[in-house]
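What follows is a single chain, given as structure tokens, in the form predicted alone.
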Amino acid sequence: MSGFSIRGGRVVSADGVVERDLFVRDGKIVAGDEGSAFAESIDATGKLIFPGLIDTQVHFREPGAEHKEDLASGSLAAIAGGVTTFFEMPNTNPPTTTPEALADKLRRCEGRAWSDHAFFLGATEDNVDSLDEWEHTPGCCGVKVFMGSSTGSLLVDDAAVLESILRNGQRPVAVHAEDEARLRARYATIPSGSPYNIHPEVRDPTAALLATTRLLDLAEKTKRRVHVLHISTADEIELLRERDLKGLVTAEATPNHLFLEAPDCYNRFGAGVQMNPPVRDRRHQEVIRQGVVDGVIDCIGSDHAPHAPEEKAKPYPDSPSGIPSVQMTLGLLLTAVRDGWLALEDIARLTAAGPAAIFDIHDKGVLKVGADADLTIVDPSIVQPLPEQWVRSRAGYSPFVGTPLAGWPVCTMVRGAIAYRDHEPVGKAAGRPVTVG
């Protein structure tokens, strides 16, 4: 379809919900007077139309761990959940710490990635002096820092190195904020075979608060924009609210911290819900939810991080952390609307307009004239429990299987081309690199 209309749907934006027709030509949203004569149309009567989701935190494991996930399977799971753009993290093997490694990921996406995409450049002690140049590499969305335990050279737990990273560049620095010294001390006391439900005690709220506090101090000192990933504690929400560093500091929540609750989830799923930082109890969950509603949280990223089932079956603490969730974000947020603590326009703000603003992505995140026709059509009448057979991740499992749905995406378009419809991919993978800045 080079030109077509989408008629009868309710279009959701960060500003509200309106019933209107959309017109698409050559992959872009066009004005009604340009598209009203299009013969081809899609009937969206009774459906909701969201801007395509921008997932700012996924781990698709390629290169180096394709048995867990790869760029093809991960991006297929993405479009199945209405995600039309993903930002992938650097902790692969080898890690994405050079322009050459980033270019290799872009090459791997050609003809295989279903969604549009960009990649974070991992900051290390060895590349800090080059970051201000390398962050402008085509396909780079920003710099990623791991303040808490990660793989290989990607750990940055030295305050001087972290400050140097923040002083070398302009693009947002996305940060996993947990205090490494505290983590090491606490892990040293944990015997193999300990119950999985102690994970939120081992990686306790203090470890997160210490690191996030240090990060905000450095952001204020250096005036560098930082993006705090996967907020997991009530303490961090209160810190962000009190410091009020909007314009300098943005924050992200995951569906895992919003919709899973300790200790029940650990008792039911064991290592299947183990992630870093951990899923915590209801007190933390409720405060994070309030932060999502009142704007302390600027966007939602899935932190999709799959592992093979046999790896997850290892005893704690040898079991790897990560939950496959890129496909689940929109469906879960629709349940929040059903339950009354979120609005439809909040979903568009948190999953589309917000990420586009944080990372300065042009022509995405909104359904306005001139923007890319990235969108997902949701059928709100789908209210069944989430079936396992819909899960597209190579991991093949999800703790959200069986969750009662309050709507589900039934058609996903990337730049005006249908990529996924009625639980099946359509055509060929045609994702492209995103231009940032």
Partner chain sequence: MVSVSDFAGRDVITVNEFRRDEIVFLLDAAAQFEQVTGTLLAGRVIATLFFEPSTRTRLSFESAVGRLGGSCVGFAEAGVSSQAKGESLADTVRVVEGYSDLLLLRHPLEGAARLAAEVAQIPVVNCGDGAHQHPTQTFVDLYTMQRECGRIDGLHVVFAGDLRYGRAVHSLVSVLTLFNARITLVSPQFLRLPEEQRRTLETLGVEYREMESLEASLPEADVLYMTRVQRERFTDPTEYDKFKDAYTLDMSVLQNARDSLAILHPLPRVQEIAREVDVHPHAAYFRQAHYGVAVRKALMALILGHADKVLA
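Positions refer to the first chain, counted from 1. Just so we're clear, the structure is a prediction, and the values are computed from it rather than from any experiment.
Another form exists, predicted together with the partner chain; not displayed. Remarks below refer to it.
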query	finding
Full three-residue contact with the partner chain in the predicted bound form, heavy atom 4.5 Å, for R10, V337 and A406	yes
Interface membership of L386, the partner chain in the predicted bound form, 4.5 Å heavy atom rule	no
Exercise: P380 in contact with the partner chain in the predicted bound form, heavy atom 4.5 Å	yes
Non-hydrogen atom contact V18 with the partner chain in the predicted bound form at 4.5 angstroms	yes
G402 within 4.5 Å of the partner chain in the predicted bound form, heavy atoms	no
Position in contact with the partner chain when the complex is considered in the predicted bound form, options A371, V391, A65, L48, heavy atoms within 4.5 Å	L48
Residue among K221, K246, H362, R282 with a heavy atom within 4.5 Å of the partner chain in the predicted bound form	R282
Stretch in contact, per heavy atom within 4.5 angstroms of the partner chain in the predicted bound form, of 393-401, 24-32, 52-60, 66-74	24-32
Heavy atom within 4.5 Å of the partner chain in the predicted bound form - qualifying residues of 274-305	R282, E286, R289, Q290, V293
